[in-house]
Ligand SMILES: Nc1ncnc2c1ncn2[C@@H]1O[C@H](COP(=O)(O)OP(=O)(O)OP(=O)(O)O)[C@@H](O)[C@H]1O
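Starting off, we have a lone chain in the form predicted alone, written out as C-alpha cells.
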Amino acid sequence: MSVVVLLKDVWKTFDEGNNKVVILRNINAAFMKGEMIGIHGPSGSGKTTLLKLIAGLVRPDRGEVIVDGYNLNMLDENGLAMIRNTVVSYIPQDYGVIDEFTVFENVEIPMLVAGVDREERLRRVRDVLEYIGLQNKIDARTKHLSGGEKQRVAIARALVMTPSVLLADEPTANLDWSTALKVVDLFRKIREDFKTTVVIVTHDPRLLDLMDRSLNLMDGYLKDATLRRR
C-alpha cells in the first residue's frame, strides 16, 4: 500500500492571552491508501486541529504535512482550496450542511466550486445519493432530515469529488448507537469500494474496534496502537 498522508515532525501552538499553548508536539505518522484510522483522546487534546492540518485548514508551526503527494506547506491559499475540493474532504462535527438548502444543493457545492456543468452535477449527485441510500431525499430540505440522514448528506458531499482522503470529526457524536454503526459501516464501504483513506476522530472507544488502526492523542503526542484486523 502507498502512503497517502505523511506527517513529519509537526508542531502546532495557539495563543491564549500572553501565552502560547502547544497543541501538537512532534507528530510523526503515515496513513496508507485505503486505510481506516480512528483517532481518540481527551477533549482539548488536539484531535480536531490534527484533522484541520491534514485538510489544509490550518498550517503547522513546524514540520511537514504531505497529502497525496502534495506538500501543503508549499501551497498558497488557492492551492490549499484546490486540495480541499478535490483531494481531501473534511466533515466537521456539526456536519456542515446548510439546513435551508435541499439535499441536492448541499451535495453539489464542491462541484459548483470546481465549475462542473449542471448535467454532470445532477448525474454525480444522483449516483452518490443512490450509493449512500438517500436517493429518495434529493429534493428534501435538509432541515427536515434526521441526524443520521444529515450525516449521510455530509458524507455524500464529501464523496462527490472522489477524494483520496476523507476526514470525519466525531461523525457519530450526536447519533444513537444503532445509527452510529450504520454510519461507520458506510465509511467502511467507501474505504473498500474507492480505496479512500478514512480518518475518524471519535470519543467512543467502541468504534475503535471497527477501525483498521487506532491512534491515541494525549498531551500533544500521537501514539500508534496495535494494528487491527479488518
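Remember, it's a predicted structure, so these values are computed and weren't measured experimentally. Heads up: residue numbers just count along the shown sequence, starting at 1.
Another form, the form predicted in complex with the named molecule, is not on view; read the next lines as being about it.
- Residue 16 is the only one of 16, 219, 209, 9 with a heavy atom lying within 4.5 Å of the named molecule in the model of the complex.
- Though the partner is left out of this view, residue 42 does reach within 4.5 Å of the named molecule in the model of the complex, counting heavy atoms only.
- Taking the partner from the other structure, the named molecule in the model of the complex has no heavy atom within 4.5 Å of any heavy atom of residue 172.
- Taking the partner from the other structure, the named molecule in the model of the complex has a heavy atom within 4.5 Å of a heavy atom of residue 203.
- In the model of the complex, residue 26 stays away from the named molecule, with no heavy atom inside 4.5 Å.
- Contact with the named molecule in the model of the complex, defined as any heavy atom within 4.5 Å, is confined among 26-34, 64-72, 47-55, 183-191 to 47-55.
- Of all the residues from 54-71, none has a non-hydrogen atom no more than 4.5 Å from the named molecule in the model of the complex.
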